[in-house]
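Shown here is one chain on its own, the form predicted alone, set out as structure tokens.
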Amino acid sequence: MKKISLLFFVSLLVFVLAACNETTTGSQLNNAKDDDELYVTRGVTNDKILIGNISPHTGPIAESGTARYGTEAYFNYINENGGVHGRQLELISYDDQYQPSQTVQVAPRLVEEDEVFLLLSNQGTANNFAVKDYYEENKVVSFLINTGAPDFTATKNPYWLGTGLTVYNIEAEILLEYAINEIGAKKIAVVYQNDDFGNVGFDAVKKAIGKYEGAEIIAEVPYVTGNEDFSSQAVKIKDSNPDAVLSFSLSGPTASLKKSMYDLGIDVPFLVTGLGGNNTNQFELAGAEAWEGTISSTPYFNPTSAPDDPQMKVYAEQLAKDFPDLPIDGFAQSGWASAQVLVEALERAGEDLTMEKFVEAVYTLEDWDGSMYASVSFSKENHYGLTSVYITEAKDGKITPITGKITYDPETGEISSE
């Protein structure tokens, strides 16, 4: 009887050890919290890599949460073609309704229960701030988060690698430089959403405008989230008689503002961030005539402007197959683009995947143009990831690029064009 029990115990021990070798477990998670270990490897088995995401599936801005469908579509495409070093990619996404209080509740599920490898495209500035300390304490890497707030990337924090949007202050400086040097504007009216998103862009313009002789901000035009009537903002812009208007606003408010400006006969160059302008749906929301001529920045081409591009064809075909009701130039495109960068880094990290090897692989991405993004650059000293954009113009129902790649150097503040 004792021999049988001993044999059973030895067999059980062998089974447990084999299982532990197959995947990173909760016990390893606890052991990995030692101070001498910077990263933790979770969510990797012999045949699977688990990727986490938190975004609004429901609520007032649920549309922006559809970026996750672009990620899922790209994962499906990769999985159908053999995966990454033989491993299938799986996305686990939870709904936080864009409420930081909900983000705090679902984040531990991804880390402690699902044990995902990393977090991809988690949405919202306030939402990411709400769980920032928790992620860092548990050594969780957040990759290409879906916010352009500079706080996460400027500090070179080892757990925050890049944003899936152009960082707001970088985008603001590029738009300002274009308005002054290419359009010839001197008198600038600035519209901004009065929160962490809009204030970053507005503050960047206030700091940078002194570099341009004779240029000045002649009108500061704030609005608050939830505004539907922009007639008063339009009147303030008209009264200031600007050479150009810079708007740091989201898509819905931007469309309402542009329509109000059109109704008042304001006919000056209107420049807006990619979040507010890089979407053909704006032609319908603002009115085709009102939206015509709007200038926007974007880290990737709109699909309507490059339908014959091989990458766009793959994207459009896969999205139509997996999510036929989604527009190809909606938020899904950002999810697809971020997933492309993730997969490239995973490929470079090699078959024996650890978080340390993944981060080292991310740092080898220098001016990489193999994704939809204009280019992607990382290093130990550069955690921005995206510092290049195109300038586009709304024309005849399409979003058409009117410049080559424009790149901002975060170390020097210099802007260069191709």
Partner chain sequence: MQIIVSGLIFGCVYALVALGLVLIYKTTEVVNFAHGEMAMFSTFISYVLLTSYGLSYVPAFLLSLLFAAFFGLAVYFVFMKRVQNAPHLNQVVLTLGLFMVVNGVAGLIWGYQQKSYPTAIEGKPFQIGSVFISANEILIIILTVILMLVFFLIFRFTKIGLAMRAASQDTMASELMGIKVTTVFMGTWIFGCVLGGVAGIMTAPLTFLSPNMMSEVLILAFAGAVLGGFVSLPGAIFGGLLVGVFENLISYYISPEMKIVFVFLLIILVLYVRPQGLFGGRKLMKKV
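Numbering follows the first chain given and starts at 1. None of the values given here were measured: they were computed from a predicted structure.
This protein has a second form, the form predicted in complex with the partner chain, left out of what is shown; the following refers to that one.
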4.5 Å heavy atom contact, Ala320 to the partner chain in the predicted complex
no
Check your understanding: in the predicted complex, does Thr364 have a heavy atom within 4.5 Å of the partner chain?
Key -> no
*Contact label in the predicted complex: Val235 to the partner chain, heavy atom within 4.5 Å*: yes
* Asked: Might Thr58 be said to contact the partner chain in the predicted complex, defining contact as any heavy atom within 4.5 Å?
  -> yes
Item to check | Site check Asn227, Asp263 and Glu284: each within 4.5 Å of the partner chain in the predicted complex by heavy atom | outcome: yes
With a 4.5 Å heavy atom cut-off to the partner chain in the predicted complex, the contacting stretch among 380-388, 46-54, 364-372, 61-69 is 61-69
None of Asp239, Glu347, Asp151, Glu216 but one has a heavy atom within 4.5 Å of the partner chain in the predicted complex; the exception is Asp239
As a check of understanding, the residue in Tyr77, Tyr223, Tyr159, Tyr94 with any heavy atom within 4.5 Å of the partner chain in the predicted complex should be identified as Tyr223
